[in-house]
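Starting off, we have a lone chain in the form predicted on its own, written out as structure tokens.
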Amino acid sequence: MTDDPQQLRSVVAQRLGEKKLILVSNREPYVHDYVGGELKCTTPASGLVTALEPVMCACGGTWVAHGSGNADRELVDGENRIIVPPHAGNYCLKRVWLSKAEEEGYYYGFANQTLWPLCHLAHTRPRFDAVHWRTYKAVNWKFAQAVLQEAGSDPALVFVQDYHFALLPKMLKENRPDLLIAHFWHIPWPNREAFAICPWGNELLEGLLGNDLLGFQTQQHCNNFMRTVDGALENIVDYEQFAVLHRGHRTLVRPFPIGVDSEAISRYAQSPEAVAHTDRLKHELGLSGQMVGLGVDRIDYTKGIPERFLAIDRFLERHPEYQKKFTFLQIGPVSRININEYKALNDELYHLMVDINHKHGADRWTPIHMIKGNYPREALVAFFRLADVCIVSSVDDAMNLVAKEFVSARPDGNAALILSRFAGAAEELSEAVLVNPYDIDGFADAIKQALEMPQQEKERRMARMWQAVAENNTYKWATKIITEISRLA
């Protein structure tokens, strides 16, 4: 199976022929902003972008996304297109513009106050707002128009990403029945009973059944979707073929656990630049002689960060000998702060950090440092190299690519990964120290186990995980999807 960009490019040419490749996501891979009067191009902190950007660089085509930067409009042509990446020009980025009201209703509203909590077992109540729903539908149609414009009258494969566009596939099929449409749902799919509370559930299901191929991270999420559809609409649900026949249209449902460009990450991690960056970070953060724990997360209530902090507190209570010897860095951007639940989470984390640092701190040492910001990939690799242990403690996560990126960045094997059993990545990374993040005592024990793990055991575990990540990288993931969808052409 294809596992490098050259082979993927060959497969795409062979399987798709003359079809255009059009990828659709809310998040754009490159954002242009004026910062202090200077134009800057950044890559957003996004697992989706991490996985898909190498694929688009290899395959070419067009990426349709929301133009969110304050300088984005100035750099596009008359059709709202720009060639990216900067100084390479591998594919076309087409930007879709949203008003503030559209962004509030579609993204911060329905996508992230309705679908996100509905799909995650994080004990956050979804909000069902009719205005948000209408805006979500309108923005899905706006993206449909952009895709149809890019496709023209030519044959095309449209590859839709995530929960922001549940209605888009049906809209496209109604206008261009000949389009091949694949959709990858990056987040969990809930059980039938949980989904049933959504007032617009049937319309969401009908939208997704416009796809020719619908992919999830795990087989369990496929199972949940099939059971949700079964009985909700007038369908023929085929559990042997894992397909749904709805109004004469057949949708295949398949698991495609997503990967990262592990070879590129590993190669950079061993470069002189990465080594120098790591040394510089260690000096700037005063970490010489420290054992370092690391969390890399967007600040979100599904990531289990409060539980992580409480486990560090319990660990230091039980093992005071680690005072002044262990420092935990929690890095990543603040997100969705205009949503009340996210504001409350940020406040909770700040107060937890202050309380724990006051309780255990001594002299100039404090155990937890929160570093909020969106770091480029090269900087994240330096943080990964710095860590003795990386903690991924999601309370519900379809996959989690941070875990795979950390493993990729540590070919030396001199580190440990603590991973939540509730992250999809745990199925592949079974050699991690697996935890239930709600079990604070067990979590604290896992921190001690990871820090005191013998070198030989660390290397053995990391080598097996590195192999698993390398064997299911982002190119192989894309190849599986393209191969599956091409069979329907």
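Small disclaimer: the values here were computed from a predicted structure and weren't measured. Residue indices: 1-based, along the sequence shown.
The same protein has a further form, the form predicted in complex with ligand F6P, not shown here; the description that follows concerns it.
With the partner omitted here, the stretch from 205-213, 262-270, 180-188, 367-375 that lies within 4.5 Å of ligand F6P by heavy atoms in the predicted complex is 180-188. Ligand F6P in the predicted complex comes within 4.5 Å of no heavy atom belonging to Phe326. None of the heavy atoms of Lys170 is located within 4.5 Å of ligand F6P in the predicted complex. Put simply, Cys41 is far from ligand F6P in the predicted complex: not one heavy atom of it is within 4.5 Å. Heavy atoms of Asp162 reach within 4.5 Å of ligand F6P in the predicted complex, making it an interface residue. Listed residues Tyr91, Phe315, Phe225, Tyr107 were compared with ligand F6P in the predicted complex; Tyr107 is the one with a heavy atom within 4.5 Å. Listed residues Gly67, Pro29, Gly47, Pro54 were compared with ligand F6P in the predicted complex; Gly47 is the one with a heavy atom within 4.5 Å. Residues of 102-136 lying near ligand F6P in the predicted complex, listed in sequence order, are Tyr107, Asn112, Trp116, the criterion being any heavy atom within 4.5 Å.
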